[in-house]
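Here you get one chain, nothing else, as structure tokens; it is the form predicted on its own.
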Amino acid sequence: MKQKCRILIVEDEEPIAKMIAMNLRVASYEPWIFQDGLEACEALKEDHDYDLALLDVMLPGMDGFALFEEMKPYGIPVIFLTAKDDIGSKVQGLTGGAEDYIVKPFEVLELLVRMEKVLSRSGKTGQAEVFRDLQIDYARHMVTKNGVEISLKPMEFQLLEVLLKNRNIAISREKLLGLVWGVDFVGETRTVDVHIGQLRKKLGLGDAIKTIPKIGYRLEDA
């Protein structure tokens, strides 16, 4: 199994922080919560072994932008999660070096996908994840079945990754189209069906990738 990544959550709204942490645990991450920017900053001096940080901007003690500046020496990738949706704040966050900037409210599924992309870029997901007789290496974008490499096209691999990260959850074709091909991708949901068919055939997952009528697909971990 893949080693758990430690995720720092700095969010002063307790219900939101707990909701994020709960979903991260389900997705096999190890979340750590702080609700005060200054407290998080002080704690990082003793323990900064995090693979990714999710920072709110409007925090007590020290705001997210200031905290981010203090975090830079530690080299922790940062995604801002904030209600501040003005262009100035987005520009400040992204030009300052943040990996992503997500405006509240957000969908947890979208957050998880964006997190995986950041972790992949930063080389934090190098170990192989095992699903049935498949070994998935996210860093090298490689899948092996019983030790034999299976050739997947880039979009097939990304589609498999989304399904694996959300196993046992029904995902609509439209959502899969947006997450894998991008929100600006112009195409029909038939594209998803074709790629699902290829994954079933190439990886022998015909019984694992379930078709959910009038919705989409679900990868079952059974």
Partner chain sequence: MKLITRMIGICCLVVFVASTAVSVAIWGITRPARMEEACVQAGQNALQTFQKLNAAISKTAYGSADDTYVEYLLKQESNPFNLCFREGRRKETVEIFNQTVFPREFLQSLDYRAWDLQSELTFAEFEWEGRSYLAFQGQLVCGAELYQLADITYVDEQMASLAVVLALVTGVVLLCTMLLLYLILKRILKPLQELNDGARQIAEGRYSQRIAVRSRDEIGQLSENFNKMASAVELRTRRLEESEHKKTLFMGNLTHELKTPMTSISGYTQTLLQVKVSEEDRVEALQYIYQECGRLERLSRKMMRLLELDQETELPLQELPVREVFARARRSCQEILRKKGLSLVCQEQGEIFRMDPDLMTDAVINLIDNAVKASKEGERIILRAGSDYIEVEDFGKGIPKEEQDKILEPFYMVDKSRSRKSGGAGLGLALTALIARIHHCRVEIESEEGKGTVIRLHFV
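Residue numbers count along the first chain shown, from 1. Here the structure is a predicted model, which is why all the values come from computation and not from measurement. Rigid core here is just the name for the largest C-alpha set that superposes within 1.5 Å across the two forms.
One more form of this protein, predicted in complex with its partner chain, exists but is not displayed; see below.
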Residue-level contact is defined here as any heavy atom of the residue lying within 4.5 Å of its partner chain in the predicted complex; does Glu107 satisfy this criterion? yes
Check whether Ala43 has any heavy atom within 4.5 Å of a heavy atom of its partner chain in the predicted complex, and answer yes or no. no
Val91 versus its partner chain, in the predicted complex: is there a non-hydrogen atom within 4.5 Å? no
With heavy atoms only and a cut-off of 4.5 Å, decide whether Ser28 touches its partner chain in the predicted complex. no
Name the stretch: of 47-55, 193-201, 64-72, 163-171, exactly one has residues whose heavy atoms fall within 4.5 Å of its partner chain in the predicted complex. 163-171
Are Pro15, Met19 and Ile215 jointly within 4.5 Å of its partner chain in the predicted complex, each by at least one heavy atom? yes
Rigid core superposed, CA of Ile16 - does it shift 2 Å or more between this form and the one not shown? no
